[in-house]
Each structure stands twice: as C-alpha cells, then as structure tokens.
Ligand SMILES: C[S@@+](CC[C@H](N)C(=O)[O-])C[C@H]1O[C@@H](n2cnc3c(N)ncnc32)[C@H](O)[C@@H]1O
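Read the single chain below, which is given as structure tokens and is the form predicted alone.
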Amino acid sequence: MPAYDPTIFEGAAAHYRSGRPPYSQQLEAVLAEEVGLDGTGRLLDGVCGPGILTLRLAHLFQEAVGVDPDAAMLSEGRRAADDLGIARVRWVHALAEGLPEVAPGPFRLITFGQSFHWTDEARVAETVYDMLDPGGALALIVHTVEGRPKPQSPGPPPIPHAEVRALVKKYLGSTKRAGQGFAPARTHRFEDVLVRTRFGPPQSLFAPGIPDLVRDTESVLSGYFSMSSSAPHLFGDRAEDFAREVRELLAARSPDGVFWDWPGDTEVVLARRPR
C-alpha cells in the first residue's frame, strides 16, 4: 500500500457534509436488527471523514469512536457533534492501519462508510476482527446503483454528472487524480478481500435509497469538491473558474437550480465475528 498522502482530501472537508448524498433512512434499523444493537457497547467508525456515519449511529451505542487521518475532517465532525448535541463521540486523528493501538477495542460494530478502499484492506480486516466483541460485525457501507431498481424522478431533472465530469477533465486532465498522484484502478470487490480473512464470506444487505432526494446547485458543486478526484486544491488558482463553469452549466440545465439525485440503494457488506 502506498504511503498516506495527507493532501488527498485537502480543502474537501468543508464541502463533505453538504455535498455527499445521505445513506438510506432505514440504515440504522437494518444494522440494529442484523447486529442486535440495543444502546450498549461501542461503535468504531474507521476513516470516518467528518463523522456523517459516526453521528448517525452514535445513539445506538454507549460510546462512538471516529478515526480519520485528516485533521480538517475531524474538526468538521466535532463541530457537527456540538451542533447536534451529541456528546458520546470520541475523535481520533490516526490512520486505520494504526489500529488497535490508536483506538483499543472491544467494539460491537466497526464501520467504514465508503472509505475501506483507502486502507490496506486485508491487514485492516484482520486487525478489526480481533477488536470485535464475540458476535460483533464489520460493516462496509456504500451507495450501490448497479443492479438496483431505479425510481422515477419526482420532477426535477437529474444531476448532469457526465457534463460536470467533462469539466473536471477539462481542468484536471483525463487521468483521475488523487492527492499528489493518481487514483489506482480498482479491480476487486470488498468481498474478494474479506473471504480470504478470518471473517470468511460476508453477507450483502440493501437498505432502500431515498427515491425523492433533491439537491440544489451549491450542494452539487460541493459534492464534486468533496471528492479526492476533484478536491479544491487540485484546481489551484482555477478553483473559482471551475466553480463558475459548473454553476453556469447547472443553471442551463435547471433554471430553478434544483436537481434530482439517485446515488442508489445503501449496501451493507456485513462480516461477522462468531460468538
């Protein structure tokens, strides 16, 4: 695994919470039923970013711990926790590869929300296996479109992702960027990694996505600025030019500045430690 690049999400933290589409409204219920969550035990949210998942699930535990190597992301998480009045969260500035020392177990549930691919997957999976309570679980949570039924738009036009991505390509080139380098091509699934660990074959569960999710122009723009491949620092002094072109494109596609978003259903790749 390449050494960690601290610039991967430079400038993205302020855009993450408003720019990333939410997970299914039924995610908490699915996890509570499958893992037997009852307000006891502890949660570890690995590579937690600004704590979107950490704060959504914190009420299901006695304590939640969010771990992330980006200090700006953790600052956003602390601010959101304060705004929401959630006091049962501890934030740890560290890589997931620093587990278990940076956040010792045991934990009832360990989650990675669209972030496990940033880790040394096999190593981290074997590490967190030993950090789980007997009967506990590792949950890798992602948005999944492929193979899932697509609902009808509630009215507004869809986000013109292809055209926005063309603008990203215009400014940053055709090779997908990531920090100071380029994003490696991913050729495997989480399941391919987990099946070779002590977890064995995982289970895939789906919680229905939000069919009528509507976002405005600034949320769409923030969504792109929240990504490693189009984080603000990559544009240098042309970030405002890019933002202006995106706003002009979106205004042409929706004069009301409102768009339908369908990020897919919320998939939970669930791996358990036996009792």
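Throughout, we count residues from 1 along the sequence that is shown. In this text, all values refer to a predicted model and were calculated from it rather than measured experimentally.
Just so you know, the form predicted together with this ligand exists too; it's not on screen, but the next bit is about it.
A.B. asks: Just one of 62 to 70, 30 to 38, 236 to 244, 213 to 221 has residues with a heavy atom within 4.5 Å of this ligand in the model of the complex, so point it out.
C.D. replies: Single hit among the candidates: 62 to 70.
A.B. asks: For the spot marked by Gly179, Phe225 and Leu250, is every residue within 4.5 Å of this ligand in the model of the complex through some heavy atom?
C.D. replies: Contact check failed for every one of Gly179, Phe225 and Leu250.
A.B. asks: Since exactly one of Leu205, Ala94, Leu167, Ile86 fits, which has a heavy atom within 4.5 Å of this ligand in the model of the complex?
C.D. replies: Exactly one listed residue reaches within 4.5 Å, namely Ala94.
A.B. asks: Since only the chain is shown here, I'm wondering whether Ser115 would be in contact with this ligand in the model of the complex (any heavy atom pair within 4.5 Å).
C.D. replies: Because a heavy atom of Ser115 falls inside 4.5 Å of this ligand in the model of the complex, the answer is yes.
A.B. asks: Even though the partner isn't displayed, in the model of the complex is Phe259 close enough to this ligand, meaning a heavy atom within 4.5 Å?
C.D. replies: Phe259: no contact with this ligand in the model of the complex.
A.B. asks: Can you tell me whether Cys48 touches this ligand? I mean in the model of the complex, with a 4.5 angstroms heavy atom cut-off.
C.D. replies: So Cys48 counts as contacting this ligand.
A.B. asks: Is there any non-hydrogen atom of Leu57 lying within 4.5 Å of this ligand in the model of the complex?
C.D. replies: No.
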